[in-house]
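Only one chain is given next, in structure tokens, and it is the form predicted on its own.
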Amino acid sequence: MNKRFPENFLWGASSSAYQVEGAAFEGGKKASQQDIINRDSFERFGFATADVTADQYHHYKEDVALMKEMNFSCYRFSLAWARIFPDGTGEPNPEGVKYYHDLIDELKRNGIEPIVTMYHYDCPWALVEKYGGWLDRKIVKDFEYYARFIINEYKDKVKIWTTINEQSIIVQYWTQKCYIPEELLDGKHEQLRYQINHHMNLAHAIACNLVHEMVEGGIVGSAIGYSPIYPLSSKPEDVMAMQNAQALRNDYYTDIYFKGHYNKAALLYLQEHDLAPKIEDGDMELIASASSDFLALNYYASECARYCPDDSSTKIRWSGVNRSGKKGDIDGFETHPGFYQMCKNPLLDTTDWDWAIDPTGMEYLLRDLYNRYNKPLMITENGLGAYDIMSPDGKIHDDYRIAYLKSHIQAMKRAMDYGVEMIAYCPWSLVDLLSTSNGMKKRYGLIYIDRTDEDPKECKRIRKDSFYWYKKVLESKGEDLT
């Protein structure tokens, strides 16, 4: 097999606006739904707000210099809709528009290709107050207004675009990724999860068509949260449960991007349980009109499924979460009676937050997706959340993160050796940033941010051991992983 990565392969890291920028109410920006959701998380769980996070808004030149030091050839980040349009629509905010020009220009001056995500959970709060945000299909028109503006504004500098981040994860964890009013959390409005996703599919299609129309040489695709799913055993009923879970948790999203329709088995299940989205005339034609040039993947862990009988005493429940960071504290697994139940894989170790550590899962999903859709792929998130502790000498020795990233890069390369076309590898994350579910305690960065959930301090940047290791990997263009 070829030892080398292709010369044009892009190496970098990722972030998202509300998780890294801070300056939540500076420079003309108004609140996003994540500013509101994370203030609630601070009050309920003590997790940091989105007010400061890693303060990249004020440190972007320093962060780009650190990217340059690591030999980055790309950086994947998102634009904050509410920084550009504080009220969601209307007149753009000049300071917000300028900030992203400044960031992109700084990247380009340092030979770093911007990979821009249009939307990463942070719907303007003004639109939530106005009509419920993604709950109402009015947002599709407002997203089109926003997307048309940003694509036109940055089209000469940005050639690689991703549309909406992790639609599948938004369905699974809708109260963490969207603002859902209390009155809709009575268990009688679960169909809205899939209605939100349908609105996002319409927005994705519009954005794809706009990039192809407006950006010379531009390419566009979605960034999907994706986990390969294994059966708990070789029992036929467990294998069928795995296939059902694959249909509803994965194929339901990716078939839209590349086939232009919903996966049939998944849609039939949703219709049977009154969960299917309402589809209006012309919706599927719009979706089918859009073509994705690639699929971006956010991969952290594989999943496991088992048979679940259709027992009237067992109700549908959604994905569990571990907020404590103690192994085994996950508060349950997604269950669809008669279809599948997710479960712990007894053959894999997990992180402290109960995410399975499975580099082979990356090779599996890359080969599987490329075989099915024959489209280029890129990794836009992949990383290990951990309690990073600063040693007495002021350093962070995160050998566990190095081992994780090394094994996943090796798995990616094995997939490439079997013909998978890859564009980029961008682990999560450049710097420690705000975890959607776990605040600042759960750290992912190659660079340590000296702050706590309670006290943002000065957000001093400190290079971790993984920073120096990744620098060496990029110097060797992926050859030296020692």
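From 1 onward, residues are counted along the sequence shown. What you see is a predicted model, and the numbers here were worked out from it, not measured in a lab.
In what follows, reference is made to the form predicted in complex with 6-O-phosphono-beta-D-glucopyranose, a form of this protein that is not presented.
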May I ask whether 33, 179 and 194 all come within 4.5 angstroms of 6-O-phosphono-beta-D-glucopyranose in the predicted bound form, judged by heavy atoms?
no
Partner-free chain; cross-checking 6-O-phosphono-beta-D-glucopyranose in the predicted bound form, the single residue of 306, 249, 198, 120 with a heavy atom within 4.5 Å is 120
Taking 6-O-phosphono-beta-D-glucopyranose in the predicted bound form as the reference, which of 78, 263, 345, 298 has a non-hydrogen atom within 4.5 Å?
298
Could you confirm whether residue 49 comes within 4.5 Å of 6-O-phosphono-beta-D-glucopyranose in the predicted bound form, counting heavy atoms only?
no
Give a yes or no for residue 334: in the predicted bound form, does one of its heavy atoms lie within 4.5 Å of a heavy atom belonging to 6-O-phosphono-beta-D-glucopyranose?
no
Is residue 41 close to 6-O-phosphono-beta-D-glucopyranose in the predicted bound form, meaning a heavy atom pair under 4.5 Å apart or at it?
no
Please check if residue 56 has a heavy atom lying within 4.5 Å of any heavy atom of 6-O-phosphono-beta-D-glucopyranose in the predicted bound form.
no
Report the stretch among 33-41, 419-427, 442-450, 63-71 that approaches 6-O-phosphono-beta-D-glucopyranose in the predicted bound form to within 4.5 Å, counting heavy atoms only.
442-450
Within 326-363, which residues have a heavy atom closer than or equal to 4.5 Å from 6-O-phosphono-beta-D-glucopyranose in the predicted bound form?
355
